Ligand SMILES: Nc1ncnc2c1ncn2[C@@H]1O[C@H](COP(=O)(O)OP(=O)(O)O)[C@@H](O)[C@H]1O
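We begin with a single chain expressed as structure tokens, specifically the form predicted on its own.
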């Protein structure tokens, strides 16, 4: 029987036959204000409290104090979980991201044997980490061809994509860890992520959207793909209340 990394988030696990396939890498993507970080934090909190699975939360977007305070709003005592060794929160300002940051995250996961990892966000990591790469790692055929005019932005884009390929592949090599990569997308783009490649590389893709309709159902969630398991293909209303995230059935929206 396939092992599952259950989220414990009300209404979600049934959309993916009981939870994420263990050991997979999931892209959780959406526009600002869709509750991406809240979903990810609840995934880690439930993992620690319901399933006794150690989790690591790495953020480049907020301070640790802000994360702890956000948890308190939903009754999640992250400080207590850290004391028990069930959760680790690391906040790294974007300006402090270095060429070693991604490797440090990978090595920490291996050493501490974390079962759940959240990176918030892949967008920030992938934009900042590759600036420490050197162009000699790229072949000239990757940068230019007969119809291409060479320019620095071309090299920068390729470095970002090369970094993402490597990072996601390295995550897959860590035995038993299920990873949630938070990403941003744009309503004006045909791609599901800002980097345009992680949606193809990740085992699963979850897309959250926000519409200014008012009320509880302004947000919606779609499991776009999920390898190794069947997934619900409908768009579901997503609610954020005082206890966290709730994924509703479609027929509940009109009630």
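Everything numeric in this text was worked out from a predicted model, so none of it was measured. Numbering follows the first chain given and starts at 1.
Here the subject shifts to the form predicted in complex with the ligand, a form of this protein not shown in this document.
- Residue 165 falls outside the set of residues with a heavy atom inside 4.5 Å of the ligand in the model of the complex.
- Looking at residue 73, you'd find a heavy atom of it within 4.5 angstroms of the ligand in the model of the complex.
- Taking the partner from elsewhere, residue 37 is found to have a heavy atom lying within 4.5 Å of the ligand in the model of the complex.
- Proximity of residue 240 to the ligand in the model of the complex: non-hydrogen atoms within 4.5 Å are present.
- Only one listed stretch (48-56, 28-36, 225-233, 199-207) carries heavy atoms within 4.5 Å of the ligand in the model of the complex, and that stretch is 28-36.
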